[in-house]
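First structure 1, then structure 2: two forms of the same chain, each alone, as structure tokens.
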Structure 1
Amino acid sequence: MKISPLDGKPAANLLFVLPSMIVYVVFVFGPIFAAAGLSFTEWNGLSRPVFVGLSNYTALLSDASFLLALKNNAILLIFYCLVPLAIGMVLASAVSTVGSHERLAIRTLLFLPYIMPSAVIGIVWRWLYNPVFGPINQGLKQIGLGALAIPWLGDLTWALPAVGFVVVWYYFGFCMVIFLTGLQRLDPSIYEASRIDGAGPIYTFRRITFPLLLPEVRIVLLLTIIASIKSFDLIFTMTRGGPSNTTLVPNIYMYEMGFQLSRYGYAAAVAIFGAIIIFAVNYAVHKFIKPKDGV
């Protein structure tokens, strides 16, 4: 029998994975460790970095702009996670009952926004929201609702919800596809038994569908929460954090500190703070959302 080279000693097999490990460490862990080290310094990109200890982190906790960015990000979590999750689950329940051809067409149509670059989507929606010639305001005026034709992305009250609406449009198709996949793995006999026992649609969803979809709920929450904390290009192309910082998020603030004000150490501290939040949220989701079978 021919012996595979991988049947040798484990130490010898390390030679096969060593090149990819080196590339991964250099291009993934290298920048992370560099950013972590830079966050303890004050550096303008030209002079030598000056070690300042935890000063950047303590300054962040009293920085009004950074705290406002965190608050905006917390509000955007509703649009990134909860609303798309609810819409996606309802749509998945409805679409799963139609024929396979119709299901494929609907799934493809609603998933289309997610495969488009978010920066392109931001530019398109900025045009749609244009207060002068944007189709949304023009449509409102045509149907006699001209009073509602406001500068959506320039209004201090409506700028953040307007961005949030685009986020919901971008993510609900993705959530629906995840839940559709989950519904297809469920045993139809469970629903047949519940119908025989006289269970209504709401009771069936609350006691059967939702608990069995908890693995998919956990995946959707993890991915959308991480996307929310990492949000940058969509919001940057739509509002650049304005007006008056009403749509400012930590990553745009990091960009301003690093690439506009040349405060690279402070910007690195913002990035590391965001990474810590992502790790904390990941831990919380894994800790508190556990399917009964322990998956």
Structure 2
Amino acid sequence: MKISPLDGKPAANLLFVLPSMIVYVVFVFGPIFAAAGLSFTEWNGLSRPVFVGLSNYTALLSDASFLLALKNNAILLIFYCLVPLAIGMVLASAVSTVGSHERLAIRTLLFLPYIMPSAVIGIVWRWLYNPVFGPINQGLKQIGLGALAIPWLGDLTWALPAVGFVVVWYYFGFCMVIFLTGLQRLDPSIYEASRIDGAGPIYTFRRITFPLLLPEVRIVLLLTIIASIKSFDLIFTMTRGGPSNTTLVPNIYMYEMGFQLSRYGYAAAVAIFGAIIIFAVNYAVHKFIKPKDGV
């Protein structure tokens, strides 16, 4: 690193970093370490924590509810990741062909869900899904599909896909915008050349657009997979993990174990498990999806 003209004595320099770092360590970094430590203990929040080694983690691996939560999260990955990625990419190819005003309008509208408070979005969709006065079922009845008007969030089979539908709604526009930015980075002459060579749209997409968009694919994968592991607000306000755990995810389980059942050590193990998965995903995506050089 080259020396900056502003550099001074380390002691004086520290004055600029210390305030931030103190606040950060006290309220974020310290608690992260404490959570890791807590995950090796049994603690009810009142008596002293008892060190139990790895037994919380081994218990997790044979805890049917936790395994169900992991399975639900794996299914939700389809809705967090694959569907928004696919819709986003196809839409971006379509949107990139229209004029700049229309493009801007579409971009603005599609991005809107992503910046909304997910807790409030959960409450709103809970109302949209309401079996009696929810607009979704009323709409289905009006177009003669009354047979489909089931209590979505209360149905053992459909609650998870219904939550997944909201997740798709929340993320597809964000994915589209990222791909759109990626497409605008590409050189239009590539498309011109492939058109002259007589390549069809599917061939062009598969052999040109998709490979050149790999950097954006990587970002979208990373962000949406991590978002799925982090998921809490939306599910907490829509179903709280119900009915009978069909929409349970690890963070909801952490909340139940910790703040409802006062099994804080165990809850911390659930939370740390999630953080470890996030690191693993980060590593895997960086390692295995490598955009070609020069892109």
Partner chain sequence: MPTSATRATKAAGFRIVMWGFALFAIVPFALLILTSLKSQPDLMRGAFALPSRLHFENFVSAWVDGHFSTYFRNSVLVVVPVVIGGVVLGTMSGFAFAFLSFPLKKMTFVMLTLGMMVPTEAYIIPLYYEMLHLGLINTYAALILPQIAMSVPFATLFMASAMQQLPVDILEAARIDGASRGRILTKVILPLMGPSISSLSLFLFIWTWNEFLIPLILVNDDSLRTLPLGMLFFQGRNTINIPVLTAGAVVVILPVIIAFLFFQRKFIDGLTAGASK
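Here, residue number means position along structure 1's sequence, counting from 1. Think of the rigid core as the biggest set of C-alphas that the two forms share within 1.5 Å after superposition. These numbers were taken from a predicted model, which means no experiment stands behind them.
Peer 1: Just verifying the output here: the form predicted on its own should be either structure 1 or structure 2. Which one is it?
Peer 2: Looking at both, the form predicted on its own is number 1.
Peer 1: Taking 2 Å as the cut-off, check whether the CA of Val26 shifts that much or more between the two structures after a rigid core fit.
Peer 2: True for Val26: a C-alpha shift of 2 Å or more.
Peer 1: Give the C-alpha shift of Val17 between the two structures, in Å, after superposing the two forms on their rigid core.
Peer 2: Reported C-alpha shift between the two structures: 3.1 Å at Val17.
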